[in-house]
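First, one chain by itself: the form predicted on its own, in C-alpha cells.
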Amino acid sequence: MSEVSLRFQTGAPQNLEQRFASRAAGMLPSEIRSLFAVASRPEIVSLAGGMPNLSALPMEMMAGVVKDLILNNGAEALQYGSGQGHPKLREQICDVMALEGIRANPDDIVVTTGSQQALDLISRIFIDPGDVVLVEAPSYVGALGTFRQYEASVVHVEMDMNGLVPDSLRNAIKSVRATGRKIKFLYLIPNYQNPTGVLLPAERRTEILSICREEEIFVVEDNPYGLLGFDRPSPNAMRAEDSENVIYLGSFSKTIASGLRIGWALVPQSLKDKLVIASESSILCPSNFTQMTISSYLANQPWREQIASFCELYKVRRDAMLESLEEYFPKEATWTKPGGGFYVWVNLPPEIDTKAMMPKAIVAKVAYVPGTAFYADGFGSWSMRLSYCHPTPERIREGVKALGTIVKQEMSRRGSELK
C-alpha cells in the first residue's frame, strides 16, 4: 500500500483529550515552570526559580572527571545499569548521609532520577484516589503536583518560624480521621524548607516522629538542602532518629549539579523491592553515566570543601536579599530569615494579591513566585517566595528594590480603594 493511500486512511485528526484517563485532570502546569519563559529573559531579575548557582563549581575540574570516566570506564558508564542504582555510588551516598547522623546500608538505597522521581514512585506505590497526604503549609510545589496527579487529598498543617507545629499536626490528624478518610503519610522538608527557608528544630523533629509513630503514619523526609547551612550544621536528619518509620529522600542537585539529575531514597527493607520494581517500570534504570560521574567526583575531588564554597556563595546572596528587604519593602511586610538553603518567604498585608500583581512586576523587570503556588487550596494570595540562589548580589538588590516599589504602589492603591 502506498504512503499516499495510508495517509488518506487515517481520516480526520482525533481529539485525544476525550480519551484521557481521569487522573490526567490532575496534571496541571507548575506556576514556577510557567514563569520560566519570562524569568529567563536577560533583562528580568529572576527571584523566582530555585536554580543552583554553578559559578562556584570549577568546570575544568568537572570536564576532567568526565574525560577520565569515559577514557577509563566508558564501556560501563555508557551502558545500562542496575535498576537500584550503581553499587559504588550507593556506598558513597551512605558517607554523604552520615554527615547528618544517618547510619545506613547501601542495600536500602534506591537511586532515582532526582529526588522528584523518588517522590513520584512513593506516591504511586502508596496513594489510592482520595487518600490524605499531610503536608506543611506552605509546601513544595513539585510535591503538591505529584500528589494531585495520584488523586490524593492534600491537607496542610500549620507552620510557624520554627517549622511544622506539632499541636497542629495532632489536630489535623484528628480532624481528618473524624471524616473517615485514610492518612497515608506526612511529607515535610525539615531543613531550610522550600518555600519558607525555615529550619525545624531538633526537639520538634523528635515530637513529630513520636506523634507519627503513635498514629501509625509514616514520614517522607525530603532533604535537598540539609548540607547548605550557612552558620551552623542543621540538626540530625529525622531518619537518623527513626529508621523504620521514615522514608528519606536525598539529592545531588543542590550540592553538585542539578543537570546530572541524580537523587535517592533511603527506605525500610520492606519497601525496597517494590520501589525498585516501580522505578524499573518507569525508567528501566537511572543513568549509569551520571551516576558514575558523581561517584568519580565524590571519590577524587574535595566535595566537602566544594559544598562549603556553595554555602559561602549563597550566604552572601541571602544577606543581600535580607538587607534589601529591610531597606526597600514597607514596614507592614514580614519575611523569614533563613539560615541556609535558597529561599525567603514574604508575607504582605492580606489585601495584596501577589498573583494579580505579577504582570506589574514583570513590567518592572523582576519575577517572583506567588504564594498560592505552594498551597493545594488556593491559600497564600498575599505571600510570595523569593529565591536568592542564582542572581548576583547586585541584581538581587536591584530586583528587590523594584519589587518593593510595586508593593508600595499596590498598598497605596488598595488603601485608596478602601477609603
Ligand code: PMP
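Residue indices: 1-based, along the sequence shown. All values reported here derive from a predicted model rather than from experimental measurement.
The following text describes the form predicted in complex with the ligand, which does not appear among the structures shown.
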Checklist entry - Would the ligand be touched by all three of S153, K184 and I247 in the model of the complex, meaning a heavy atom each within 4.5 Å? => result no
Item to check | Residue (of W345, Y297, F310, Y140) lying close to the ligand in the model of the complex, criterion heavy atoms within 4.5 Å | outcome: Y140
Checklist entry - Using a 4.5 Å cut on heavy atoms, which of R239, R205, K254, H86 is close to the ligand in the model of the complex? => result K254
Checklist entry - Looking at 229-237, 297-305, 109-117, 324-332, which lies within 4.5 angstroms of the ligand in the model of the complex, counting heavy atoms? => result 109-117
Checklist entry - Taking 4.5 angstroms as the cut-off for heavy atoms, does R261 touch the ligand in the model of the complex? => result yes
Checklist entry - Does the ligand come within 4.5 Å of any heavy atom of I189 in the model of the complex? => result yes
Checklist entry - Given that the partner is absent here, does Y225 sit within 4.5 Å of the ligand in the model of the complex, heavy atoms only? => result yes
Item to check | 4.5 Å heavy atom contact, T336 and the ligand in the model of the complex | outcome: no
